[in-house]
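Listed next as structure tokens is one chain, alone, in the form predicted alone.
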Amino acid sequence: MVNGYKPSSLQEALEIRAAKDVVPYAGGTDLMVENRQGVSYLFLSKIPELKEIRLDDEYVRIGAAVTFTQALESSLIPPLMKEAVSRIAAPAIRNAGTFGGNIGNGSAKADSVLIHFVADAKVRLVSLRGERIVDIGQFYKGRKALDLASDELIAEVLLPRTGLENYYYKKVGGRNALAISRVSFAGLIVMDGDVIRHIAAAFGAVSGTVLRMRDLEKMFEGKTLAEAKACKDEILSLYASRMELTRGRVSAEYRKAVCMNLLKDFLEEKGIS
């Protein structure tokens, strides 16, 4: 490659990353349209270690160079993630776009990132110095700001194997297909009989990073559905008071109204009505 490097192993990629000023990429579906000048690229799409989807006792481990099409065709990927990535652009983009790129772009609009946030996924980062596992919420420090050192690469996303079955997902765009999110929402609930053991609600494309208000989620946890219904209005009021959203293609007021409507719909669908 004239303007970059094409390693065949992860070790080779890490050596280049440590020694050179390079921009890592695999699919390039976002990166290439930027048409950066004077940039050297590190092409990662052919590295076998980054192309795997595998299971361990706790996680579905999704390699950074796994494409969205590959994920859709895999029996290991949970339905919530499949629903989200199936809404990404068109088949040609899904064939090339990767999980590592969707995370590494640093955008709160990224469809897979919303699911990582609501599921409390982790990111495995690697360098010649070793590796570290970072919670997705800590990895995103703000819009286009990541906890990623200049010698590190995203190797895998660790998506929990359990707790993703009872979900709610909506993406609001300007059209039915090929849409960039104006607002996206994902919710999860884990029940033990009539008791809420865990609940999570994540809002995408409305701020510098995906939003979760974990302290408000905990106000539901440990309660029966009847008890949750009794305090729902109070909790919704707290959500509304905290939502200071950015303006994008639509107003911040519109985004807030949509977020609150989706949150209410999620709660009602799951029996907190």
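Just so you know, these numbers come straight off a predicted model, no measurement behind them. Start at 1 and count along the sequence shown; that's the residue number.
Same protein, other form: the form predicted in complex with a small molecule, not shown, and the subject of what follows.
- Partner proximity in the predicted bound form, defined as non-hydrogen atoms within 4.5 angstroms of the small molecule, places exactly one of 80 to 88, 128 to 136, 183 to 191, 199 to 207 at the interface: 80 to 88.
- The listed set Ile93, Leu164, Val172, Leu72 contains one residue whose heavy atoms approach the small molecule in the predicted bound form to within 4.5 Å, identified as Ile93.
- Glu217 falls outside the set of residues with a heavy atom inside 4.5 Å of the small molecule in the predicted bound form.
- Proximity of Glu49 to the small molecule in the predicted bound form falls outside the 4.5 Å heavy atom cutoff.
- Using a 4.5 Å cutoff between non-hydrogen atoms, Leu225 does not count as a contact of the small molecule in the predicted bound form.
- Taking the partner from the other structure, the small molecule in the predicted bound form has no heavy atom within 4.5 Å of any heavy atom of Met243.
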